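Single chain ahead, by itself, as structure tokens, in the form predicted on its own.
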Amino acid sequence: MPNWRSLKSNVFIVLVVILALIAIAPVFHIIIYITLRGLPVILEAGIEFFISTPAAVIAEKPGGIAPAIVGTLFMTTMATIIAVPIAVLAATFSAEYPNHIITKAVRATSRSLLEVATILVGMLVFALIVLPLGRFTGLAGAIALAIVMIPYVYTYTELALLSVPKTYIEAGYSIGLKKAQVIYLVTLRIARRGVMRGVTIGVAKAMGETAPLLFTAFGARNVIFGGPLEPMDAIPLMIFQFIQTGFENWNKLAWGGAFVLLVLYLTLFIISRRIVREVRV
């Protein structure tokens, strides 16, 4: 009987390992494939890949993706500055007043935005901002990405705040802290890993979006940075446009851009995990 139990345990462990490898195999396949296709392009172009604009389709070298890199960093940063405070404050209110009518409305809206195609967000910003201004702008792209980010940051932050043990909150009140102090000094500090997780996922989601930018930033291949009120390129937008062409130079830039985006993703997750490694009150 003990041998039979040991056999079943070993079979179960082997089965779990196999299933885990099957689950993560597509991720490693994507990473390896993008690296093999994108890294040689960057090595061939050198520093020009990061500081120059795309070359002509008949040029000997493909040029670079500086406009896309700068546009992605600018719009993602602006979107984060807009989205994170709104989402964290809304999640804090929802956690403190779970049965309030505003909380119910915010939760319903957040869940709806999670399911809505992001291209609809782009169309909304196009109607509200792009059309009145009469031009595509990087700022409009940032606003669209912020709307995409908010439900992710809100959802993860609310779950993190609700998971904080009530004893810690009651302890804060027992020593004379006011509500705002308890929220800032106790609740948010304990929940900051969950908050950071939500911010990381939201930023990663925004950084890889293409559809909203088609209606807002539109793209500017030959201008590295013309200002927030001018059209602006982004790495996902550049990849979407260049990979569909039959020009070898632009296809190379698309694969190189995909590798850069992959590195940005991995760097983002590594940094976020190292920022908050443990919970301290």
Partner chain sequence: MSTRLLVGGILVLLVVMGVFVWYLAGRESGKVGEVAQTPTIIAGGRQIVLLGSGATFIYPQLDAWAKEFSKRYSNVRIEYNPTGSGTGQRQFIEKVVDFAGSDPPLSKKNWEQARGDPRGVIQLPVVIGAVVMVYNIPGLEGRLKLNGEVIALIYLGEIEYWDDPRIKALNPELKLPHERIIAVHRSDSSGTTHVFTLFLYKASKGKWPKELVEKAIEWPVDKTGRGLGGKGNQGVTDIVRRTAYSIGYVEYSYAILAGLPWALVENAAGRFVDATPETLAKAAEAAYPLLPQSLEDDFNEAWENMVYPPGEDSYPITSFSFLIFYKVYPRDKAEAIRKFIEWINTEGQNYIVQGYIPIPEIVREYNLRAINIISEG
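Residue numbers count along the first chain shown, from 1. Everything numeric here is computed off the predicted structure, so don't read it as measured data.
Below, we refer to the form predicted together with the partner chain, which is not included among the displayed structures.
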Whether F247 contacts the partner chain in the predicted complex should be assessed with a 4.5 Å heavy atom distance threshold; does it?
yes
Hey, in the predicted complex, does T35 get a heavy atom within 4.5 angstroms of the partner chain?
no
Would you classify L128 as touching the partner chain in the predicted complex, given a 4.5 Å non-hydrogen atom cut-off?
no
L43 near the partner chain in the predicted complex, any heavy atom under 4.5 Å?
no
If you check T77, T109, T103, T118 against the partner chain in the predicted complex, which one has a heavy atom within 4.5 Å?
T77
Three-residue site P54, F218 and I275 fully in contact with the partner chain in the predicted complex at 4.5 Å by heavy atom
yes
Of the listed stretches (153 to 161, 200 to 208, 134 to 142, 87 to 95), which one has a non-hydrogen atom within 4.5 Å of the partner chain in the predicted complex?
134 to 142
Determine the residues of 156 to 170 with a heavy atom within 4.5 Å of the partner chain in the predicted complex and present them in sequence order; the list may be empty.
none
